[in-house]
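The data below hold one chain only, encoded as structure tokens and taken in the form predicted alone.
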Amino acid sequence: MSSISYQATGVPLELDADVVVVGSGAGGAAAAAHLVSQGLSVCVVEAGAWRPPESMPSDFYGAMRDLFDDWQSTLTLGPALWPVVQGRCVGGTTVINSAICVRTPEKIIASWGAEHGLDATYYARELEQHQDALETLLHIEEVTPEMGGRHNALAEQGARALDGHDHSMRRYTKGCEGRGRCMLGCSAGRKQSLDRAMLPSVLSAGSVIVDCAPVSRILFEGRRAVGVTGTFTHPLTRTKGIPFTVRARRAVIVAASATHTPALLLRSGLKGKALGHHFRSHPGAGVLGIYDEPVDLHQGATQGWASLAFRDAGYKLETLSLPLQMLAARLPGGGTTLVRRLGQSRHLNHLVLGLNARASGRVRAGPAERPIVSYKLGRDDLERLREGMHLLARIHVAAGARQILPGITGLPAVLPADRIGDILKVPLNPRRFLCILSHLFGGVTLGDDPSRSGADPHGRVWGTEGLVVACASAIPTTLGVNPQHTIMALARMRAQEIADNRDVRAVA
């Protein structure tokens, strides 16, 4: 079999396989590749299009059009409207992220046992085995100085001055050339996104990938999930094509993300008490520094430095180079002021934090098959966000920045190095902070209590048979680290359980 893409006219498409996998990102691709390695046939159904490296966009406008989920138009509903950043293409968000590899923290796995009823010993053992295998499969590389470039070196220099450098970043890359294009898709083909590293094995095993095919609902016979249905959609014009139906002989795996998975289950008529609840995130915020010497933000790995030294305080720190169009949107001012600041772009560096927020939100099914995400930070989270942004400014100054662009409403657009303490005086109003949500969790969380979780400890959706979740929606907590390694390992666990012929019925 092969890849099947947008079909404008003709008879409705009908396929069948042992397992249908909805979504081709970290969870879906990992589950599908592992299932075919165990001898099962798979059909992966993906809403977005397949983009080979030579077809990756050249700028951020093209990336939003071709790779991001509906132009990055999903916003949180709450006191602040913050964008939810996800991929919509074959390979999912792995195509547009920075390929950062971090193992699941032991303390997090222990909390899954103590607070959510999962077998922590089983999870620790299985996650370790699968993450070992993934690190070989995806060719983990440590970022070298040559690969990282000056903007990452400056971040490390500033962090070392504050005792905040604790490890060298590891990434899923093979000979990274340091082009700083991760958010645009890797046109050099060096990043081991799962469209390159896993999904070809699904095709070579004789299974099929259907792209440009958003799933509208899951099909049931009684309580048993037996397939999915939807309508082909053109990736650029959003013109509707022919309907499709894919039936599953053994199981349906939903791995459509922490926003789309709960929305799809709700659209399909499921009504679990916790379904769509317990959505969590690592809200991200950045601070720009202005340096006397050129930094050349776009030379070197997009994210080549990180620190977990402040994880107990609630945040992970990283570098992040921004495409020029995105950088222009991030700079304050307009007209000649903006042009002048863009003229300084070679002297800018960008540091970001991922806040390990305690806030919990909700996902609902919205119109036009879109998720609605309600989310807000409490006072404690906002205090830690503010403190983390002050820490980013301190790292900039320690690395030699002479001015800071805090990006916080109510502060001057540019702060001299001796006034960064003003960040700590900003009122705790979420509208003052420019955040994005990129590390997403929950919505169909694992647990032993149907009143508090969307799926049982093995990812089987409560009240159903043959329906398993295998993406970030199942993770019951935030992680405090980049989630891709955890998502892929959890998905392989679910795939192995199905391959072992374990019962796919939820207990309640």
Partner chain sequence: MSIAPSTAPDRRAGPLQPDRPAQPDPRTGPLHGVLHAALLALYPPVDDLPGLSSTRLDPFLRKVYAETPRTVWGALILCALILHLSPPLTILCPLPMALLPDSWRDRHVDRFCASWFYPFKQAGFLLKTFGGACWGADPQVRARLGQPPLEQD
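What you see is a predicted model, and the numbers here were worked out from it, not measured in a lab. Numbering follows the first chain given and starts at 1.
Below: the form predicted together with its partner chain, not depicted.
Contact annotation: Leu342 falls within 4.5 Å of its partner chain in the model of the complex, judged by heavy atom distances. In the model of the complex, no heavy atom of Thr136 sits within 4.5 Å of its partner chain.
In the model of the complex, Ala114 stays away from its partner chain, with no heavy atom inside 4.5 Å. Under a 4.5 angstroms non-hydrogen atom cutoff, its partner chain in the model of the complex has Ser55 among its neighbouring residues. With the partner removed from view, the residue among Pro105, Gly206, Gly400, Gly189 that has a non-hydrogen atom within 4.5 Å of its partner chain in the model of the complex turns out to be Gly206. Just one of Gly366, Pro145, Pro243, Pro79 comes within 4.5 Å of its partner chain in the model of the complex, counting any heavy atom, and that one is Pro79.
The stretch that touches its partner chain in the model of the complex, counting heavy atoms within 4.5 Å, is 344-352, out of 378-386, 126-134, 168-176, 344-352. Within 4.5 angstroms of its partner chain in the model of the complex, the stretch 288-304 places a non-hydrogen atom from His298 alone.
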